[in-house]
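Starting off, we have a lone chain in the form predicted on its own, written out as structure tokens.
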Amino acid sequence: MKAYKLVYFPIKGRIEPIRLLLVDNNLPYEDVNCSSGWPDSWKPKLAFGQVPQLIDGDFELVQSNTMLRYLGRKHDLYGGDVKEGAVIDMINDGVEDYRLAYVKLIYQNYDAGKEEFIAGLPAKFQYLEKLLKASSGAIIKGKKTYADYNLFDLLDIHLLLAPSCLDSFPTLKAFHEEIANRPNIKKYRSTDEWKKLPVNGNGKQ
């Protein structure tokens, strides 16, 4: 199949869950660095004037969660029926709530707010732990979903921020380890290119 194109800055940021989905499922893609000419050469031709952007042939999308859902539908990562799809969406939307709080910390209040933010993580992660435990450690038992990659990345960036944050959540910790050790993802994350890529645009993590 023709490679997807992912338009973004040279960071992990919002595009990383999409990269992980493509890598894990052997779907070819090409990164397109939009740093050169940003914003004048890019914003006028982007829906909402923002990245990341997914290009699939002549079809273009922005909004990272929309891109994940599109790929989920296209590559059978959206559950087996409407109820499973709704559960996947629910957890993905919960992940987005937690990600927004993380982004606010990173870009607006890192030095003053980091300690309080980390102290509040158990109160947030208890809900994810309960949801995954109820379905045998997965978002949908026995199935890959598009939201797996968003949740994995959320946990991953929080482990950088607070390395012990999953120690009290064995189900979440096992979920993270299982995905990290999938052959394609493990190989991708072992490269020097991946290791050198910053998580966020301001260098904080």
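Residue numbers here begin at 1 and follow the sequence given. Quick caveat: nothing in here was measured; it's all calculated off a predicted structure.
This next part talks about the form predicted in complex with a small molecule, which is not shown.
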Next item on the list: May I ask you to check whether Ser168 falls inside a 4.5 Å heavy atom distance of the small molecule in the model of the complex?
Entry: no
Just checking whether Ile179 would be counted as a contact of the small molecule in the model of the complex - the rule being heavy atoms within 4.5 angstroms.
no
- Contact between Tyr188 and the small molecule in the model of the complex at 4.5 Å, heavy atoms? no
message: Can you tell me if Gly49 lies within 4.5 angstroms of the small molecule in the model of the complex, counting non-hydrogen atoms only?
response: yes
| task | Tell me whether Arg19, Tyr70 and Asn92, taken together, all sit within 4.5 Å of the small molecule in the model of the complex, counting heavy atoms only. | result | no
With a 4.5 Å heavy atom cut-off to the small molecule in the model of the complex, the contacting stretch among 133-141, 147-155, 169-177, 61-69 is 61-69
